[in-house]
Ligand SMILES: Cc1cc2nc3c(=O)[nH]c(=O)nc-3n(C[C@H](O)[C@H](O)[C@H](O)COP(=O)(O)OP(=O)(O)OC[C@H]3O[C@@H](n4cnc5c(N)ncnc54)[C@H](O)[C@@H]3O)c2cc1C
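Only one chain is shown below, in structure tokens, and it's the form predicted alone.
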Amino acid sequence: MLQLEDNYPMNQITTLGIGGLAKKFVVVTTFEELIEAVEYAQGQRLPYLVIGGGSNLLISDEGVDCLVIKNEMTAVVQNDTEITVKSGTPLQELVDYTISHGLADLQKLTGIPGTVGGAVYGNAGAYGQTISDHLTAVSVLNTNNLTTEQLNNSDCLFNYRDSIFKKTHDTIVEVHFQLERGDPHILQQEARDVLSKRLVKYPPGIKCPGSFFKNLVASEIPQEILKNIPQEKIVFGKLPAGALLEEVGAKGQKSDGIEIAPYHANLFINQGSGSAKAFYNLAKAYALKVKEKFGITLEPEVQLINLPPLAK
């Protein structure tokens, strides 16, 4: 039996610590519970939103007039070098499993918060590894007949921090990987090196949703704009959004409880009393400054829930 809650405060489950009330809220731990929750929403003619760890969300202060389904379906199953993982599994749990079992290709994703499903949704990556690199298939919920259907890697239209799921909003149920063998000791050391770098940017307890704006793929920037940007700003074929934000003075700026980190211009932090409105307005103000100076429109990497698009 589902444990539905009314008027649930979303600020309790977002890493940003911001978000109004959800009209209805439920945690699901099995596929059967997910189906039950979706059937409930459909029967009540109530929109629903499936979330993972709450680490990549900016939810409006007004909350959401829907059923929020928190996905806690977890399991990792190994068949030689093939891995099948349920989408609510914390990404760190998957990374730790693969390292300890001598499987490479995910170790540099260590320290990224959230679930496997959320990571696939946003095609998360770090330090040259992306979760879609060795992904073979994704099982999603078909809401018409409430069964699963499988998409192969090419069906998912993965791109830099993007996937088809950002357009279809299909619920990811399971993810399948084909990994390579690796030395657990080497993989562990690589993970430690990455984590030490991440902890400088994201110290424990920090209230933030991760980097707010997407970096830009240099090859996709018009030449007339690119020629005005110093080449040393381009890193691994990407133009960091933080570099552009720094150029327009974003570092260290504060507004109504929200601060842009003094050490990283693409890191917006809730100092404890910040609101979604203050966060949104600060992000929009500096996105406009970047647009005015460089002619570049920054796109949020974070999902905006019940908020207007930043570009408008």
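Note that the structure is predicted; figures quoted are calculated from it, not measured. For every residue, the number given is its place in the sequence shown, counted from 1.
What follows is about the form predicted in complex with the ligand, which we do not show.
Looking at 220 to 228, 74 to 82, 123 to 131, 185 to 193, which one sits within 4.5 Å of the ligand in the model of the complex if you count heavy atoms only?
After filtering at 4.5 Å, what remains is 123 to 131.
Using heavy atoms and a 4.5 Å cut-off, decide whether 99, 107 and 176 all contact the ligand in the model of the complex.
No, none of 99, 107 and 176 comes within 4.5 Å of the ligand in the model of the complex.
Identify which of 283, 49, 245, 28 has a heavy atom within 4.5 Å of the ligand in the model of the complex; exactly one of them does.
When the ligand is considered in the model of the complex, the option within 4.5 Å is 49.
Is residue 301 close enough to the ligand in the model of the complex to count, meaning some heavy atom within 4.5 Å?
Result yes; residue 301 sits at the interface with the ligand in the model of the complex.
Can you check whether residue 233 is within 4.5 Å of the ligand in the model of the complex, heavy atom basis?
Result no; residue 233 lies far from the ligand in the model of the complex.
Residue 93 versus the ligand, in the model of the complex: is there a non-hydrogen atom within 4.5 Å?
Outside the cut-off, so no.
Flag residue 57 as yes or no: does it have a non-hydrogen atom within 4.5 angstroms of any non-hydrogen atom of the ligand in the model of the complex?
Answer yes; at least one heavy atom of residue 57 falls within 4.5 Å of the ligand in the model of the complex.
Suppose contact means any heavy atom within 4.5 Å; which members of 142 to 166 contact the ligand in the model of the complex?
Heavy-atom contacts within 4.5 Å come from 161 alone.
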